[in-house]
Ligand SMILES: NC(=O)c1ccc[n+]([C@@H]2O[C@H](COP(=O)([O-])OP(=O)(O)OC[C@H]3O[C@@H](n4cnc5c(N)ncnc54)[C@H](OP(=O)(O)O)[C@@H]3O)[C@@H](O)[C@H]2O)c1
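Before any questions on how it binds or moves, here is one chain, the form predicted on its own, in structure tokens.
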Amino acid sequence: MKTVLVIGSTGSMGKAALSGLSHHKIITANRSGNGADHTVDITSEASLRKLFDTIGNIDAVVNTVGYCEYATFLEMTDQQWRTTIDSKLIGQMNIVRIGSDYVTEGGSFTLISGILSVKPIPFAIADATTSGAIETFAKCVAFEMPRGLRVNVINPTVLEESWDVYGEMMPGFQPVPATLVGKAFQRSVDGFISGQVLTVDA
């Protein structure tokens, strides 16, 4: 059994991750603190440091959050880009950079991207761009991680459980069950791979 920190545990993707990690000891965190053990804002380096200082050494970190703004490229403002980059990209990079001091030897980080990096839709250029960037980050940083630490990314399509919310903006996409995405998180945490993007698509 491993001790696993799951960030974004109460969201639909967080619940999907938990479905594949139930055999481990789970510590949960989210931005509001509601329904979770701890509060964290991944866009704040101070918030991340406080979280890791509080929980101490762990075996794995799973992040399922990354806020994105949606607009066409010509309408997207500088602030909207920065908001998305600070969360989906820099925030996740900082989870690895700061968390590497707290994850035990041979432990892992599992980050989140999204199917829009390979199947773009209107208004989602910021999501697609940062998803592609975090995948490249994981492929590269895997070569630099100390003490056998591993970094992978889950690239899921839309969940069946979220289809009512996102289905209208994703015509032609086939949703997948959360339990299937949970298996990808399990493979990242319990396996030996690193620098990999685990795509879950229909």
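Fair warning: this is a prediction, and the values are worked out from it, not measured in the lab. For every residue, the number given is its place in the sequence shown, counted from 1.
What follows is about the form predicted in complex with the named molecule, which we do not show.
Asker: So in the predicted complex, is the named molecule close enough to N30 to count as touching (4.5 Å, heavy atoms)?
Answerer: Yes - in the predicted complex, heavy atoms of N30 and the named molecule come within 4.5 Å of each other.
Asker: At 4.5 Å between heavy atoms, is A133 in contact with the named molecule in the predicted complex?
Answerer: Heavy-atom contact with the named molecule at 4.5 Å: absent for A133.
Asker: Hey, in the predicted complex, is S19 touching the named molecule, heavy atoms inside 4.5 Å?
Answerer: Answer no; every heavy atom of S19 is more than 4.5 Å from the named molecule in the predicted complex.
Asker: How about M145 - does it come within 4.5 Å of the named molecule in the predicted complex, if we only consider non-hydrogen atoms?
Answerer: The answer is no: M145 has no heavy atom within 4.5 Å of the named molecule.
Asker: Out of 28-65, which residues reach within 4.5 Å of the named molecule in the predicted complex, heavy atoms considered?
Answerer: Those in contact are N30, R31, S32, V40, D41, I42, T43, T64, V65.
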